[in-house]
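Okay, so here's just one chain, in structure tokens, the form predicted alone.
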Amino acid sequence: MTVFTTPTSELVIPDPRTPWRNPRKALVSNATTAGFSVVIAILLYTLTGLDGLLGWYASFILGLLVVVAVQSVLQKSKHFTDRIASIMVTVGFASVLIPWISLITTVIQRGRHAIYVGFFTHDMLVNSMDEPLNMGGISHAIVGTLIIVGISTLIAAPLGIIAAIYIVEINGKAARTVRFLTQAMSGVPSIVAGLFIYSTVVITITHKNNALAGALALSVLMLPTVARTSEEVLKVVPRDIRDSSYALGATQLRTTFKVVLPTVRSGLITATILGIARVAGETAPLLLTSQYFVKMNTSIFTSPMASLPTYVFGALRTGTELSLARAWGGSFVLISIVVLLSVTARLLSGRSTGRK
């Protein structure tokens, strides 16, 4: 009996997810589609008033839709709706990603001119916003931002998580009221939160602007974000996990803190990160509460404290070319701090989950 074998190198193994698709044929089809789309995009860009990168982007998307529609008609494809839906999903993702990339690129390009070694070690006590960029810095604003946002996180994060635990785990009589209040707080304008703290804390208690008042104003804005996100995270925990803990004799309190919360540790950290990102760039509440101070200050009770948002606001208010460069530099540092905190928190949460 003769057995015929085929060399392994000549076999074309399809993707297990799409065994009916020929990879080479799909590659040729995609290249053809992209080529005709580029041609149509060039025609649209030339004959219409579209301009710039966004004009090219819109022209290519229109061309791609036209080419896919024509191909489906000519080939009598039954997957026309699926291809259009896939393209629209891809376009939607790109439409969200492009502005974000454009924002980051713009901040880096315009803010890098203000960055030098002393920018992170000096304050603005003896310098003004319109002096040369190699003089003065934002060390006072960086320290102030870390202090104010840190205090607001210590206030809002525990309260938000406790509110979420009460709504999901305890589900008491006031659960609906707590959920309604957190939803209502999420719609409070930032200037209103700052005005509220100014009238209740600055005027009646401290009688002066300070970092604590700024942290309280930011905590009002951070609390609903942490609470709502934590609530959704806790709902993801399967009911079977709780029932298993109860079957072993654990109380509700022990189940919540020993089983449920460790299960969603990374999600709660993400909720806190979202809260920090929500308030890190707020300016209006800080202008009413902590204000701006040109000198390094670490006291949270006695005097105003600078922050990166108020530093950027002050630089923009000056309005000169050098001050605008400082504003872009402050924006670049602010975004970098938020990204660094987010990455650090995610790495720590990942390690904790891995150890567990």
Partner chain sequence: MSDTEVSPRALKVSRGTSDKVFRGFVLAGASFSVAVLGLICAFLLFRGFEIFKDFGFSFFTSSRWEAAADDGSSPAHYGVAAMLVGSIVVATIAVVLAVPFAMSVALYLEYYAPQKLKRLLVSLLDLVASIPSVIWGIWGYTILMPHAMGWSKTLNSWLGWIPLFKVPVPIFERSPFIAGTLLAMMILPIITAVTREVYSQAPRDQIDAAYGLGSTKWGAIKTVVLPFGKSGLVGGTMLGLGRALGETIAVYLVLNLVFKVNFHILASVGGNVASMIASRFGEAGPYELKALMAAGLVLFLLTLTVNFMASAIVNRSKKAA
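Numbering follows the first chain given and starts at 1. Under this definition, the rigid core comprises the largest set of C-alpha atoms superposing within 1.5 Å between the forms. Remember, predicted model here, so these are calculated numbers, not experimental data.
Although it is not shown, the form predicted together with the partner chain is what the next lines describe.
Please pick, from L125, V73, A85, I241, the one residue with any non-hydrogen atom lying within 4.5 angstroms of the partner chain in the predicted complex. Checked against the cut-off, the match is A85.
Just give me the single entry in S190, T270, T153, T263 that has a non-hydrogen atom within 4.5 angstroms of the partner chain in the predicted complex. Flagged contact: S190.
Select, from the options 113 to 121, 140 to 148, 127 to 135, 88 to 96, the stretch whose residues sit within 4.5 angstroms of the partner chain in the predicted complex by heavy atom distance. The contacting stretch here is 88 to 96.
Although the partner chain is absent from this view, report whether A345 comes within 4.5 Å of it in the predicted complex, heavy atoms only. Contact with the partner chain, no.
Contact of T283 with the partner chain in the predicted complex (heavy atom, 4.5 Å): Heavy-atom contact with the partner chain at 4.5 Å: present for T283.
Please tell me whether any heavy atom belonging to S245 falls inside 4.5 Å of a heavy atom of the partner chain, as the geometry stands in the predicted complex. The answer is no: S245 has no heavy atom within 4.5 Å of the partner chain.
Residue-level question: is T81 within 4.5 Å of the partner chain in the predicted complex, judged on heavy atoms? T81: yes, in contact with the partner chain in the predicted complex.
Just to make sure I understand: among 298 to 336, which residues lie within 4.5 Å of the partner chain in the predicted complex, judging by heavy atoms? Heavy-atom contacts within 4.5 Å come from P309, V312, F313, L316, R317, L324, A327, W328, S331, L334, I335.
Is the shift of Y57 between this form and the one not shown large enough to count as movement, that is, does its C-alpha move by 2 Å or more after the core is superposed? The answer is yes, as the C-alpha of Y57 shifts between this form and the one not shown by 2 Å or more after core alignment.
Is I104 one of the residues whose Cα moves 2 Å or more between this form and the one not shown, with the core superposed? Where the cores coincide, I104 still shows a C-alpha shift between this form and the one not shown that is 2 Å or more.
Tell me whether T270 and P99 end up closer or farther apart in the predicted complex, going by their C-alpha atoms; the shift is 3 Å or more. Compared with this form, T270 and P99 lie farther apart in the predicted complex.
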